[in-house]
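The data below hold one chain only, encoded as structure tokens and taken in the form predicted alone.
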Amino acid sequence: MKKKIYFISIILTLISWQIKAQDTLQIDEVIKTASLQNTFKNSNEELIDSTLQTQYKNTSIDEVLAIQTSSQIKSYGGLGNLSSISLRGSSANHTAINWNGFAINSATTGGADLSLIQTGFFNEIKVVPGASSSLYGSGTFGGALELNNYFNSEEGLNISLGSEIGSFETYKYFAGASFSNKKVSYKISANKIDAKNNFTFYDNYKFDNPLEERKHNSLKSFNIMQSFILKLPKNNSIESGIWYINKEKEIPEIAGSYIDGNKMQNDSIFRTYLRWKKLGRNYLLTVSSAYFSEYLHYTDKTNSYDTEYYINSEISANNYFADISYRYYFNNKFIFDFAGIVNHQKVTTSNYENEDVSETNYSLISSLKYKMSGYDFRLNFRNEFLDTKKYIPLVDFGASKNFLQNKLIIKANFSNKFRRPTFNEKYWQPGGNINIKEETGTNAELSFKYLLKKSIFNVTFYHSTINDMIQWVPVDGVWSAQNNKKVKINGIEANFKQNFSTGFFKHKIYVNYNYTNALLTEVYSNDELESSQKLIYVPENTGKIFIASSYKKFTLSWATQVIGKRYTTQENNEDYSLPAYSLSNIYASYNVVFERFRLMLNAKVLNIFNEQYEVIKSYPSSRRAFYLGIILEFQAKNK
């Protein structure tokens, strides 16, 4: 209680100072209406280049993130197989995935399948390593991924149609349209994929490493999204979005198996939200609501001709959000925001002891941004009230300052974090643990950003801890969810971006290096550690380089990523480790513009050196693959 009183007294003191020194408010409307996260976050962000995003609009987001950001993508091999993001050595459920401010992480698993998300659906894609729980909520030990749609200021009508054909009997189709004027912005995008995924690989888990074809691995998916923003009189606005996904995926057996398998998984996902904003001279009021539903049907049978399944699992999840935020601009140096969030989750499945389970969680957030003597201070405080009658206080504090005539930016921040246990970890039968505790931890980082006219160099040093990390371990012969680990992670993130020209050519270059020392320092079960061990599937060193060169209508791009050795067992057994690998892709595009039409021809070769590798043990990834695509756009711009 004393801490709360002290915290509130600081805020009131600062407010009183600002009221006395209030000056004329001159802040750009776009900045004033920015989201809570964009306004008050202390962490750096990695933004996907809009030009490259357009080039890859018919590609799932995991491919773009793998070559354009510091994130590590974990995939079970092949187009459409489960793919997740890992930041700073964390797990898939340690990254918050946000769509226009709403978390879309699964209530049952805590993660989000990136293979279901198409790059071309969004105006903005950015990765926020080390994002705070104070702003983003549960599960940000690694960071956050933001998928945003915003008002398109480029007025007119745009219609696009595209298709792509590629290796392993892959067919993709894309259609989209957008319209905007001074009052309305509307966008609709749709994508359809049909792929057999029958690539070949050497099965290193069989005698003599035979060359085999991946079987029972086909994918059929349909993805459609609409976003709508309407500006109303007196600085009111309404925005909404609808997103529907349907996916049918055959799940192959692991490498080394002598059967083709009969596992199938169908996913059906519906998401929608509605938001109202009122912008006053010195305040912003926002009211939002959202409804998400997910349906998963997993089946397996002994033989392909069987009429009955021996596994027939259905999971239905519903997620409701409501939030309100009031932001006050005292002047252009001091901003204060107060927000309240309600989140109700309900899951229905026969895999739980009680087929219907639900939870309601509440959050109260106070944020302030204050500029003084060349420093930029940001403080976020969150009280997370859990359904268990428990609350978790979360704090995120950061400061930054510019030096050398704004060429050098030094930023430091500290935060504590948490992750709410998933429904599966609490209720799955057998093995769910109703008494399991939340994961908690801290994060501290120091970053240096150096800006030149056409280049940016950024390096970040960070240290984070995770206490009571949840792990499925055998208890009395049953795999059970337990708070079983303590983890410490130290790391360095360094990246360099530059745009430059040589003669008639324009170039873009992106270089990234990550050092991650992720150590399991303590295990609470009977399997005590003799010494600290590396976390499984976390490479100590990763490096990436992306180069794009353009000449008039032609663009050629090269991407290489190097992923270090990864352990797959808690004991760091060398015999079961995955070796380091290097993966290179090449992309080419040719744009032809005539009057109101634009024709884009795309070609790409993935895994150009035919590398055989595994991201997840026993799940081979495809070797060299070729793709050809075409996109036709019609543009009618308002004068």
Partner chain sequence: MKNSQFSIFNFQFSILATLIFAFLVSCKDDTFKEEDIDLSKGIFVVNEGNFMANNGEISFYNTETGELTNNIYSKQNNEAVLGDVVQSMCISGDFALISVNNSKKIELVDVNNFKHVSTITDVVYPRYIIPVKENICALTNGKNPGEVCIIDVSKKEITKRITVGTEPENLLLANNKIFVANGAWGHDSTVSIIDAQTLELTKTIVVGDGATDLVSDKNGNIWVLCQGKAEYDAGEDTPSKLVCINPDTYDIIEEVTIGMVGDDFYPTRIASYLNEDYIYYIEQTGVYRININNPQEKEWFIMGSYYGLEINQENGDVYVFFDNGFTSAGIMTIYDKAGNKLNDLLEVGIGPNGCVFK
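Numbering follows the first chain given and starts at 1. The model shown is predicted, which means the values in this text are computed figures rather than measured ones.
Below: the form predicted in complex with its partner chain, not depicted.
Contact annotation: its partner chain lies within 4.5 Å of heavy atoms from the stretch 507 to 515 in the predicted complex, the single such stretch among 507 to 515, 388 to 396, 361 to 369, 139 to 147. Comment: its partner chain is not present in this chain, but in the predicted complex one of T502, N354, N435, N406 has a heavy atom within 4.5 Å of it, namely T502. Proximity to its partner chain in the predicted complex, taken as a non-hydrogen atom within 4.5 angstroms, holds for one residue of K183, K234, K552, K453, which is K453. Using a 4.5 angstroms threshold between heavy atoms, A580 counts as touching its partner chain in the predicted complex. Put simply, S84 is far from its partner chain in the predicted complex: not one heavy atom of it is within 4.5 Å. Although the partner is absent from this view, K617 contacts its partner chain in the predicted complex, with a non-hydrogen atom inside 4.5 angstroms. Its partner chain is not drawn, but in the predicted complex it has no heavy atom within 4.5 Å of N246. For the stretch 259 to 280, the set of residues having any non-hydrogen atom within 4.5 angstroms of its partner chain in the predicted complex comprises only I259.
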